[in-house]
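Only one chain comes next, encoded as C-alpha cells, the form predicted on its own.
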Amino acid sequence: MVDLKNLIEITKKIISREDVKYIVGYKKGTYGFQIMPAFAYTPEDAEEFIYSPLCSKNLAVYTILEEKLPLKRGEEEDKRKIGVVVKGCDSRAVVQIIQEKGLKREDLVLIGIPCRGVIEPKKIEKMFPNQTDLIEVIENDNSEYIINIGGKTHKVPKNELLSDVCKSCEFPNPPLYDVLLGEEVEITETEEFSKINELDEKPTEDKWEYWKEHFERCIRCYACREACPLCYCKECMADTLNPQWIRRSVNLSENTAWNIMRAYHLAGRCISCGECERVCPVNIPLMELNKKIERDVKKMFDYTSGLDEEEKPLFGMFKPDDPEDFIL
C-alpha cells in the first residue's frame, strides 16, 4: 500500500513550486467506491489525494488534454509544468507520447507509484450487486482484499477482482518518474498471450463468429477512444467526412471497421492499461484485439512500447539490417 501521508506531503511540496501549474491525482468519488481524478492547484487541494487498488484510471490522458487557448495581446503563454501521479502503465503511456513528440519531458513532473494491480470496477459490481454505494476497499496483502460493506467485512481472493490486464502485466513499476513512492514491485513471469494463442487456434469461421457477436453490440460511443491516452489525434479518422473512412452507421460492417482500425492505430503504441475495455458500456473484449497486435509486433520487430523516452516509435524508425522476413 502507498503511504498516503507521504503522497500528500510530496504533492504539496511539488505544487508549491513556482514552475508547477497543477498536479493530477486521485480522490474519492461522489458515489460508492468509485474513484475520480483530482486536480491540485494549491497545497490545500492535495489533502484530497488518495491511492488504493481502486485507482484504475490512466491519468496520462490528462497530460494531452491541457487546453491551449489563443493568447490575448500582450499575454504570455503559461509554460509551467503539469504534475501527474502515474502507475506502471500510466508512465509507459507518457513515455510513448514523449517518443511521438506529443509531450516534452521537461513539461512534466511525474510521481511514480509501483503498482500491485488494480481492482476491475465491473467485477466488484458483479460480485456485490446493489451494494456499491456502501463499499470501501482496503488491500490487505498480496493475496486478498478486505472489503467493508455497511460495516460487514468480506475477504476476497485478489485474483477474483484483479483487472485481467494486471494479471499479465510485465511492467508494474513506472519506467519514467521524478519521485517514486514506495518500493518497486517484484516482477514475476506471466503467460501474457495465453488467451490470444488459444483464440488463434480456432478455425477462422469460429473466430469470426466470436468477434461478430461482440462487434454487433458496439454502439459507437467512442468511450474507448476518449479514455485512451494514446488516442490523441486532433481529428480522428472516425470523424473525418472528406474523405470518409468509415460511415457513422451503427451496424456490423461499420462497427468492425471502427474497432479493427483503432486496434491497428495502436500497433506498437498500446501500453496495456486496459482503459478502453474498462469503459466500454457493452463489454467488448477490446484488449484481446490489442494484445494480438502487441504479440505480433513483439514477434516481428522485438519491440515493446513505452519503455524508453529516447527510443523512436516503432513506425518512426528504420533499420538497414531488418531482414523483413514477414513480407510476402
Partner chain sequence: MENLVLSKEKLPEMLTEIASKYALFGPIEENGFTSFKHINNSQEINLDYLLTRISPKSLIFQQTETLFTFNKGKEVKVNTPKTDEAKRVIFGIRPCDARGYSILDPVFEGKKEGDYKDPFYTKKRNRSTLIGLSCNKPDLNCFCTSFDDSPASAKNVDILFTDIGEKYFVDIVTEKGKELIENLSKLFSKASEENREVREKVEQDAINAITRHMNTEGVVKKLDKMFNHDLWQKTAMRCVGCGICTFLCPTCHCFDMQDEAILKEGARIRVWDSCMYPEYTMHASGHNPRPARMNRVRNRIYHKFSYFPKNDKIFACTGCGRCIDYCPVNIDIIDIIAKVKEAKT
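Residue numbers count along the first chain shown, from 1. In this text, all values refer to a predicted model and were calculated from it rather than measured experimentally.
What follows is about the form predicted together with its partner chain, which we do not show.
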Taking heavy atoms and a 4.5 Å cut-off, does residue 29 contact its partner chain in the predicted complex?
yes
4.5 Å heavy atom contact, residue 248 to its partner chain in the predicted complex:
yes
How about residue 43 - does it come within 4.5 Å of its partner chain in the predicted complex, if we only consider non-hydrogen atoms?
no
If we define contact as a non-hydrogen atom of the residue within 4.5 angstroms of the partner, is residue 158 a contact of its partner chain in the predicted complex?
no
In the predicted complex, the residue from 153, 188, 130, 143 with a non-hydrogen atom within 4.5 Å of its partner chain is 130
Identify which of 105, 80, 217, 123 has a heavy atom within 4.5 Å of its partner chain in the predicted complex; exactly one of them does.
217
Looking at heavy atoms inside 4.5 Å, which stretch does its partner chain contact in the predicted complex, given the options 144 to 152, 172 to 180, 107 to 115, 249 to 257?
249 to 257
Give a yes or no on whether each residue among 12, 47 and 162 has a heavy atom within 4.5 Å of its partner chain in the predicted complex.
no
Sequence-ordered residues of 32 to 65 touching its partner chain in the predicted complex, heavy atom within 4.5 Å:
34, 35, 36, 37, 39, 41, 57, 61, 62, 65
What changes in the predicted complex is the Cα distance between residue 86 and residue 134, by 3 Å or more; the two atoms are closer
Knowing the shift is 3 Å or more, I'd like to know if the C-alpha atoms of residue 52 and residue 134 are closer or farther apart in the predicted complex than in the shown chain.
closer
